[in-house]
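Below sits a lone chain in structure tokens, taken as the form predicted on its own.
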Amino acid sequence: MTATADPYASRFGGGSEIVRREDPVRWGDRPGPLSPAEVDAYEANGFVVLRGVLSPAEAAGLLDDAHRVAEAAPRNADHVILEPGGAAVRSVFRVHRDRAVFARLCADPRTAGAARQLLGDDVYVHQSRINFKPAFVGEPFSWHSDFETWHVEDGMPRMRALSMSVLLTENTEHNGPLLVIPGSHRWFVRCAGVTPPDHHRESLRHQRYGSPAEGALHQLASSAGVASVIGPPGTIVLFDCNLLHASAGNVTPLPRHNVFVVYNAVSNALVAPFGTARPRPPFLAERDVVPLPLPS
């Protein structure tokens, strides 16, 4: 697939390139729980931080269940990702299917309602996971746009999806918080190389293909810089599918555990991958479109 045929072509054997995004950031004016100022911040910066959405008790309950998920996770299962070179759990996927408490979180009007409002459509869960960044040993996540991977490896057609991060522990400047380049969502970075088969087996631990070139990161960060997304437990962060983000390692005694949910518009359901011969497995990219129920 060439850049001429596909506006978001990437990893097709060419070099790195920055091109303008062709899709809206905010799709329509559907009502929802976000204020006009919050919607404007999301549209301008590519993310918005919402403090106090979940109560301390709700966040603590989710954290307790996350610990149970990590303790019970079979270390040899495909949907359980370990830290590079270690035995600590890095990520556990498909929690919206395996744990009722996270299924309820995904469908909550405060979360799914915000996704519907920004995406202007009914939504379903494209992916869910708990990212554990353990004290002392939590490794970094490389810079990337989620959409670049979802387009190339999953077959997501357009930029009509978003991620929600629910902070389960205190996310500080020091324990490996989410790092973002504000405004980078308005550009698409084509990445060099060609995706090898079963790339996800490596990329979930260390991403080599699909990470923008350093020159592109310098260029996009030259105006707005890099922002750390921090906050207490119960904070919710919404960020656009094309926002460039990363996180540093955690060398502190303070763990950083967050739940991530990816909402995709029903009208943006996956097709054949745009850059690989076969799609990634369903625990990474749901192909069974089940719209989340609207509140009664």
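In this text, residue numbers run from 1 along the sequence as written. If you're wondering where the values come from, they're calculated on a predicted model, not measured in any experiment.
FYI, the form predicted together with a further copy of the same chain isn't displayed, but the following is about it.
Checking 88 to 96, 111 to 119, 150 to 158, 214 to 222 against a further copy of the same chain in the model of the complex, the stretch whose residues place heavy atoms within 4.5 Å of it is 214 to 222. Proximity to a further copy of the same chain in the model of the complex, defined as a heavy atom within 4.5 Å, singles out one entry of G52, P31, G28, P253, which is P253. The listed set A73, V226, A107, L82 contains one residue whose heavy atoms approach a further copy of the same chain in the model of the complex to within 4.5 Å, identified as V226. Shown alone here, G193 lies farther than 4.5 Å from a further copy of the same chain in the model of the complex, counting heavy atoms only. Within this chain, W143 lines the site of a further copy of the same chain in the model of the complex, having a heavy atom no more than 4.5 Å away.
Using a 4.5 angstroms threshold between heavy atoms, H174 counts as touching a further copy of the same chain in the model of the complex.
Shown alone here, N258 lies farther than 4.5 Å from a further copy of the same chain in the model of the complex, counting heavy atoms only. Taking a further copy of the same chain as it sits in the model of the complex, the stretch 90 to 119 never comes within 4.5 angstroms of it through any non-hydrogen atom.
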